[in-house]
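Heads up, the chain below is alone and in the form predicted on its own; it's given as structure tokens.
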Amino acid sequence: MLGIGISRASFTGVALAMLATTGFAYAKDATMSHIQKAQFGHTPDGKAVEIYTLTNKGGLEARVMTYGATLVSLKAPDRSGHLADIVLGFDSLEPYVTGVPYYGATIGRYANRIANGRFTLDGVSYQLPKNDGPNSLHGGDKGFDKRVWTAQSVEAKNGPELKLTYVSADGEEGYPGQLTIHVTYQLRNDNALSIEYQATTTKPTPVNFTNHSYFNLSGDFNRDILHDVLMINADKFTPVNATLIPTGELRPVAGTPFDFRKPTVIGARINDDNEQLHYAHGYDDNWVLVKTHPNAMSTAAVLSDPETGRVVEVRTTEPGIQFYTGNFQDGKPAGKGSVYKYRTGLTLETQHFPDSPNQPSFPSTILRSGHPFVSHTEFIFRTEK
């Protein structure tokens, strides 16, 4: 795979209009950026789990734990400067170990679905665990979200930085090659949470990494996300069959409930009579991002909460983004003092396309020895009136 490009793509006029904000409302007690480490518990097999708190100069705070390289919380101010946690998660380790909602986790070796848990690479067939009906999902039975990573904190110039490393053995969850992956979180002083992925392999293998944070920009986990406003910089998406595997088509969004080229209220069309919406019980689809260059760093989506004024712009080098509206959230397990009910949170997972190892027309996800993988996503926070 190629490394990332860092040229800034131009926004559409609509996107620029949405991003015309008042700037960021800093917390009143702004501090120097720093990073702190604490213990967060032990896994059932006795491995210690650490949690790191990153704070930037504006007072933004991100907490990341070594179990699953997981973003546990992210505090950002509203238009009045009030800080609130805007990502779903849990106050203790146990729900992450026993549950499977992937809240905030780093997903791999392959994010999203692979049809029938099977692919062929260089003439060799590989069988993966089937943990989502007939398919393999998010790396299998014990993906990267269920592994303990090693961490190294860095007091970087532009904000605190945490580098997490995991070595995935050859044959782990059925995937070939020993894969070494580094995920670096940086809470930049320009109010962006940057996530960079780097990986190398000893054998050809499919890779697809993402962060699976559920956002609720209101900071009130008793509210759903249907009143939030979303723009996705995509004119096509990848429709799926009844088991949520792409058909291979790149379908135009024009004239469908999947057209978010203009800022649109999420709940406006989520209950439309549409086959794709019926399959997923809402939105759970991959959008094909508009790119000036395949690896260019560009805007994927802009999400805003009109009530609090919080806005997050998602930028990425990845070709796709999976937008999911918490269609199966049922209050179990409860987290952070709240019950995560139906559609309490949404995900914006930057990624390559689902089932790419079986879809030759999709951008390749095959990583080969001697060709390091690099991918970069950032979440930029601001407020609007």
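Predicted model, so just to flag it, every value in this text is computed and none were measured. The numbering used is simple: start at 1 and walk along the sequence shown.
One more form of this protein, predicted together with a small molecule, exists but is not displayed; see below.
Engineer: The small molecule is absent from this chain, but in the predicted bound form, do Y214, L244 and F328 each have a non-hydrogen atom within 4.5 Å of it?
Structural biologist: Per the other structure, all of Y214, L244 and F328 touch the small molecule.
Engineer: Answer with one of E173, D78, D284, E161: the residue that has a non-hydrogen atom within 4.5 Å of the small molecule in the predicted bound form.
Structural biologist: In short, D284.
Engineer: May I ask you to choose, among K146, R188, R113, R223, the residue with a heavy atom within 4.5 Å of the small molecule in the predicted bound form?
Structural biologist: Answer to the contact question: R113.
Engineer: Have a look at 37-45, 318-326, 65-73, 52-60 and name the one stretch with heavy atoms inside 4.5 Å of the small molecule in the predicted bound form.
Structural biologist: It is 318-326 that comes within 4.5 Å of the partner.
Engineer: Does the 4.5 Å heavy atom contact test between G140 and the small molecule in the predicted bound form come out positive?
Structural biologist: No - in the predicted bound form, heavy atoms of G140 and the small molecule never come within 4.5 Å of each other.
Engineer: State yes or no: in the predicted bound form, is some non-hydrogen atom of P101 no more than 4.5 angstroms from a non-hydrogen atom of the small molecule?
Structural biologist: Although the small molecule is absent here, P101 would touch it in the predicted bound form, with heavy atoms inside 4.5 Å.
Engineer: Quick one: does E349 come within 4.5 Å of the small molecule in the predicted bound form, counting heavy atoms only?
Structural biologist: It does: once the small molecule is placed as it appears in the predicted bound form, E349 has a heavy atom within 4.5 Å of it.
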